[in-house]
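The chain below stands alone and is given as C-alpha cells, in the form predicted alone.
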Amino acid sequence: MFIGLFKRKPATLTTVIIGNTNRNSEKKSAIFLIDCSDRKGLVATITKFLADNNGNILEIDQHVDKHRKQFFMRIELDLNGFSIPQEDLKDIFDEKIGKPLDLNYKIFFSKDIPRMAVFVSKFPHCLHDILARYDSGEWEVDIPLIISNHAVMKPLADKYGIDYFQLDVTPENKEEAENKQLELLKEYDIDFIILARYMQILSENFVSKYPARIINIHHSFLPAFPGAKPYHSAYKRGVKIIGATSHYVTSDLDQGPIIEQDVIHVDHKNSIEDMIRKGRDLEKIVLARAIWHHLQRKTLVFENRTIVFQ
C-alpha cells in the first residue's frame, strides 16, 4: 500500500489567506438538539429553565412526528449574560432537565469550530466547491486533512495549504488502509467526514466510528442506472430529470438518512456531456447544502430519517 503524506507549506507573501476569514469572534452561543417521546409541557419546561437562568433564545424550532409520537427541538441560545458558565452547562442541564424529562440531547458551543476531513478520488468538482466556500469564509469549519486513493488532487490541496494523504485501496489491503485512515482522523481530531465523490465503499467497522458524521453525495440514477456510465444509460432512456442526494453514511450502501436532495430538468436537446455537466453542478450544490445544515447543527437523525430544521 502506498501512503503519501504531503504536508502544508509555509506561507509566503503570495499565499492566499485561507479559510474562515469572516468568523465572528464575538459570537457566544449554544445550540441544543433534543429528541424524546412526545408529551405535554416539554417546550414550557425547557424554555422556562433557560429563561430562569437569564437565557435569551435566538432561534427555536420544533417538530412532532405524530406517527412515532416523537418530539424534536432545536434551540439556539445567546450565552451573553447567561447565569450558567459554559463549562457547567451540560452537567446542570442534564441534572435539571435532561434526566428528569428523559431527553436525548446534544449541546454545541459556538466557540468549538468543527474539524472536517474530505475523502476524494478523481472527480474534482465537489472538492473544488468545498474548498472555495472554505476559503471565502462562508463556513465556520476547519479543514486540516484531505485523504484520497489517488494523487491527482494533491495540487489542489497544496493551493489551500491542507495536508494530503494518498492511500491506495485494494480488496487485499482495504482493512489496513481503513485502519490508517482512522489513525489519521484521530490524529487530526476530526469531527466529521465528507465523501466528495470518494469512489470506495466504507466498511461497517469504519462507519460505526462516525455515526451520523459521514456525509456522502451521489447522483439519483440508482438503482435504475447502475454501473460506471449512468449518464450514458440515462441518456439512452431519454430521462427528463437528473437528481442528486446527500445523506449520512450507514453500513447499508446509499441507504443512509437523507439530508438534502434536488433535481433539474433535461430534455432531448441535451447531450450526454450536457447531462454530466448539469449533474455535477447539482451534486456540488446539494452537497454544499447538506454540509451547511450539518455545520449549523440543523440535522437530527432518528431511526433512518433525518429531521432538518429550517
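Remember, predicted model here, so these are calculated numbers, not experimental data. In this text, residue numbers run from 1 along the sequence as written. Between two forms, the rigid core is the largest collection of C-alphas that superpose within 1.5 Å.
The protein also exists as the form predicted in complex with a further copy of the same chain; that form is not presented, and the subsequent description refers to it.
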| a further copy of the same chain contact at Lys229 in the predicted complex, heavy atom, 4.5 Å | no
| message | I'd like to know whether Gly238 contacts a further copy of the same chain in the predicted complex, with contact meaning heavy atoms within 4.5 angstroms. | response | yes
| Could you tell me if Phe225 has a non-hydrogen atom within 4.5 Å of a further copy of the same chain in the predicted complex? | yes
| Looking in the predicted complex, any heavy atom of Phe192 within 4.5 Å of a further copy of the same chain? | no
| task | Work out which of Ser29, Gln62, Gln70, Ser251 lies within 4.5 Å of a further copy of the same chain in the predicted complex, going by heavy atoms. | result | Gln62
| note | in the predicted complex, the residue from Thr170, Asn179, Ser208, Ser136 with a non-hydrogen atom within 4.5 Å of a further copy of the same chain is Ser136
| message | Going through 43 to 66, which residues have a heavy atom within 4.5 Å of a further copy of the same chain in the predicted complex? Please give them in sequence order. | response | Val43, Ala44, Thr47, Lys48, Ala51, Asn54, Gly55, Asn56, Leu58, Glu59, Ile60, Asp61, Gln62, His63, Asp65, Lys66
| message | After superposing the rigid core, is the C-alpha displacement of Ser37 2 Å or more between this form and the one not shown? | response | no
| query | After the core is matched up, is the C-alpha of Gln255 off by 2 Å or more between this form and the one not shown? | reply | no
| Asn270: Cα shift of 2 Å or greater between this form and the one not shown (core-aligned) | yes
